[in-house]
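Only one chain is given next, in structure tokens, and it is the form predicted alone.
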């Protein structure tokens, strides 16, 4: 299996959650890591938490011109991870149509823009982060599931079209990440405890659970077009 030592790794969405855990793991494995996200404040905080061992660059993947400029001033990367995509959701009838467009723009078209414009070394790879709602639709989250399914299909098509660059997807289940921090503490605790009871592993996931799989995908040169569900057995129940 290949090593990440000395490799240039870009983690989009690397300022928090799964992206941050991936960046931290890549640093431990000797990679030269750059993290990117929309919030410069979050980037500075993440860079400080990682003891300055990463480069940090602002990037809004929903902005085509910004993505072009970002990669126009970037080196050739060995691996790119596209994680993190906060957006509003609701029922199809109730959700504002502009919010629905924005969700698709940032998560699906954002990954599309990055794959189209980034320069990746031969034998390098991309990993997208989707979500198990692609396989397990839920009321109020129909659009999220559809976007995740589209992202997984995009990666599999790109694995053929852009070979030998590899494309893989990690599809998380219920993960305890900062995206839930806005919830009242009691409600968040109850939600996660109730979710854990319904899973075969009897716990919800952590960002590190997903990061471990992402890092494996970066290193495994025989892996492309794969979608791996890190869901604690959620698709089984």
Ligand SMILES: NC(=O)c1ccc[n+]([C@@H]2O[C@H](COP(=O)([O-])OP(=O)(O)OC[C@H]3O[C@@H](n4cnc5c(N)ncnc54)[C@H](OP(=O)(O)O)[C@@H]3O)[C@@H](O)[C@H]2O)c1
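Residue numbers count along the first chain shown, from 1. Worth saying up front: this structure is predicted, and the values here are computed from it rather than measured.
One more form of this protein should be noted, the form predicted together with this ligand, which is absent from this view; the next part is about it.
Engineer: If you check in the predicted complex, do 10, 25 and 116 all have a non-hydrogen atom within 4.5 Å of this ligand?
Structural biologist: The answer is no: none of the three residues contacts the partner (heavy atom, 4.5 Å cut-off).
Engineer: Which residue among 155, 80, 111, 129 has a heavy atom within 4.5 angstroms of this ligand in the predicted complex?
Structural biologist: Going through each option in turn, the one that passes is 129.
Engineer: Only one of 47 to 55, 193 to 201, 26 to 34, 167 to 175 gets a heavy atom within 4.5 Å of this ligand in the predicted complex; which is it?
Structural biologist: Selected stretch: 167 to 175.
Engineer: Please check if residue 86 has a heavy atom lying within 4.5 Å of any heavy atom of this ligand in the predicted complex.
Structural biologist: Yes - in the predicted complex, heavy atoms of residue 86 and this ligand come within 4.5 Å of each other.
Engineer: When the contact criterion is heavy atoms within 4.5 Å, does residue 64 count as touching this ligand in the predicted complex?
Structural biologist: Contact with this ligand, no.
Engineer: May I ask you to check whether residue 218 falls inside a 4.5 Å heavy atom distance of this ligand in the predicted complex?
Structural biologist: No.
Engineer: Considering only heavy atoms, tell me if residue 60 and this ligand come within 4.5 Å of each other in the predicted complex.
Structural biologist: The answer is yes: residue 60 has a heavy atom within 4.5 Å of this ligand.
Engineer: Though the partner is not shown here, which residues of 97 to 125 have a heavy atom within 4.5 Å of this ligand in the predicted complex?
Structural biologist: Residues within 4.5 Å: 106, 107.
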